[in-house]
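This document opens with one chain alone, in structure tokens, the form predicted on its own.
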């Protein structure tokens, strides 16, 4: 681990452990924006790990960003931190300035298209984007849209967007944004190293890391509860059935963490499509299995709002469906492998 990752790891662990409490999570689910937490995140440079130092960022890699995004999942951080990291990278790679404040991405569904057109000396954006993460909380929206026969990245101020509020199962904002010929703050052709599907692919990458972090939390929480909860005169963790379930949970968390980390390494190599697909499938499967086991170990108490477990499991159930579920990514993997023919799979795997 390099110096930057060690520093980031220390900062996120201390900051999120101290500040992301069940009371804070409950208040956010009731509609309160955690402004003090966002300020602390921004002041510690956690939103710009992928932006060059000359532009005010940390000048790091996707491997460095992985430390922050995974920790945000492990602590169920109620902020658009992952979205801001990806959005800031899109802006920086396209030569645009990154504004302060929380950012989000649009569109997040592959079948939705936004139209970017010139208007006088500037640009205008039209269209609708649904289920946008933290749409109401973002200060700006970073958009990928076609213009002049090539994909562009555009920055739109939140005040110029009409918002219809909605939420996912975890009660995180997932809003519909209507761009009614909205003025664009800045726009540029998408960076040479950025795919036109970057929002979809790197959104899936971020969710994979968040879920892997969430599974780490489940392992710790379930193990601790199995040690503390006593039945028939001894901790329930002494029973072989519980030990077996905890072993499966640990196995799933380890596999998910490995898949997500490998995808981030591939992102630094510049061609992560295959690894992102693998990670989204493997981590999504692990999230379903892991959440089920954690609730079985905890029994009925884990489902109560007063217990912290449900804050994490509701996020895992929500995140696994965002930016494509396992079915979509598995089909993508299947088509990719089939296109290479019977003799192409082994070289593909060993080359990565």
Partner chain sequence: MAAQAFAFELCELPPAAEALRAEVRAFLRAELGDLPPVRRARSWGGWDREFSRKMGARGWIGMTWPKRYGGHERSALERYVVGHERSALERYVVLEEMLAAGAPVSAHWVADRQSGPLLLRFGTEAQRQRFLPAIARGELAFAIGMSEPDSGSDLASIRTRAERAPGGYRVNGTKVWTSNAHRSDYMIALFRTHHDPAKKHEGLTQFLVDAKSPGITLSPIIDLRGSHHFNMVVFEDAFVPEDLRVGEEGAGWKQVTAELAFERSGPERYLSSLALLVELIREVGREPGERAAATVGRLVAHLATLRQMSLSVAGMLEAGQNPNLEAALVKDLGTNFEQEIPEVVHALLGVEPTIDTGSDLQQTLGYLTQNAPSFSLRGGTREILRGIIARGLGLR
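Positions refer to the first chain, counted from 1. As the structure is a prediction and not an experimental result, all values here were calculated from the model.
The form predicted together with the partner chain exists for this protein as well; it is not shown, and the discussion that follows is about that form.
Student: Is residue 262 part of the interface with the partner chain in the predicted bound form - any heavy atom within 4.5 Å?
Tutor: Within the cut-off, so yes.
Student: Heavy atoms within 4.5 Å of the partner chain in the predicted bound form: does residue 227 have any?
Tutor: Yes, residue 227 is a contact residue.
Student: State yes or no: in the predicted bound form, is some non-hydrogen atom of residue 234 no more than 4.5 angstroms from a non-hydrogen atom of the partner chain?
Tutor: No, no contact at 4.5 Å.
Student: Indicate whether the partner chain has at least one heavy atom within 4.5 Å of a heavy atom of residue 250 in the predicted bound form.
Tutor: Within the cut-off, so yes.
Student: Select from the listed residues 171, 79, 92, 255 the one whose heavy atoms reach within 4.5 Å of the partner chain in the predicted bound form.
Tutor: Here the answer is residue option 255.
Student: Thinking of the partner chain in the predicted bound form, which stretch from 42 to 50, 27 to 35, 314 to 322, 279 to 287 has heavy atoms inside 4.5 Å of it?
Tutor: Result of the contact check: 279 to 287.
Student: Within 4.5 Å of the partner chain in the predicted bound form, do we find a heavy atom from each of 113, 118 and 126?
Tutor: So, no: the whole triplet misses the partner chain.
Student: Between 124 to 142 and the partner chain in the predicted bound form, list the residues on our side with a heavy atom within 4.5 Å.
Tutor: Residues within 4.5 Å: none.
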